[in-house]
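Below, in structure tokens: the form predicted on its own, a single chain.
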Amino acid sequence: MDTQKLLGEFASQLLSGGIEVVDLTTVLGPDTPLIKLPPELAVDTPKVEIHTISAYDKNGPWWAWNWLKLGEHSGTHFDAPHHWISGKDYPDGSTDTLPVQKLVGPVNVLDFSKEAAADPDFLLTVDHIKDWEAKHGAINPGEWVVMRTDWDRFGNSEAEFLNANETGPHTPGPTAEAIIYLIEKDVAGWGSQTIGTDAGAAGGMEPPFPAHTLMHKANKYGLASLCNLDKLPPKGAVLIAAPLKIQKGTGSPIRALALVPRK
């Protein structure tokens, strides 16, 4: 099948509903959970603010629109390599320079929701990934990898979503070795359903925050606060994860979507 014919069939399947579009995105607003940093390190991202410019009133009688105040890494969001010091020197590492071809691609959904439900500190290892590949097929170069933990069920409560106490945050994520394994497979990027791409305990790993440090060092991308991964198959879906084209942007809130064959 030639490319033009293939795209035509794809468009027809979208219109007929043969391909379902699944929304992987949380609502972005004042109650959206945001990451909390130690006060000695940095100022936290401000709460999302939505301000009315006009609403069919004296400021604009026939139209409504708003202006927003938000951080680049708010809600369901994209991490570009420039987000981390290890990726700061890539000329194509910010949201306005990255190659858009990589923002659409096959996605591997690693389901470890049962493990995360049993242990909020669950860590994904290389053996976990290899066992998943033995069952579902190899993870290939250029593909996305996301870990399903169903953590989005806590999305209406920032306290539950962050799950932090006096010993720190307790959320699932990858080991450094798992991230290295995926980088060696030349994946496009790594995604999670938690507040960030790393585990809550990642600050104590070597290197610290490996999903950030190692992925961005390899000029690869991150996705965080994804939703509805339970609606995706292990393989066979296509991910669309396009950040706003912010000048020298380190990341961006996104409307993450997946294209899935309808059952």
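Given the structure is predicted, the values throughout are model-derived calculations rather than measurements. Note that residue numbering begins at 1 and tracks the sequence as displayed.
FYI, the form predicted in complex with a small molecule isn't displayed, but the following is about it.
None of Phe122, Trp84, Trp132, Tyr181 but one reaches within 4.5 angstroms of the small molecule in the predicted bound form through a heavy atom, and that residue is Trp84. Proximity of Arg148, Trp151 and Pro234 to the small molecule in the predicted bound form is absent: no residue of the three has a non-hydrogen atom within 4.5 angstroms.
Per the 4.5 Å heavy atom criterion, the small molecule in the predicted bound form is contacted by stretch 69-77, the sole one of 164-172, 183-191, 69-77, 93-101. Within this chain, Ile35 lines the site of the small molecule in the predicted bound form, having a heavy atom no more than 4.5 Å away.
Taking non-hydrogen atoms only, Lys220 never approaches the small molecule to within 4.5 angstroms in the predicted bound form. Within 4.5 Å of some heavy atom of the small molecule in the predicted bound form lies at least one heavy atom of Gly196.
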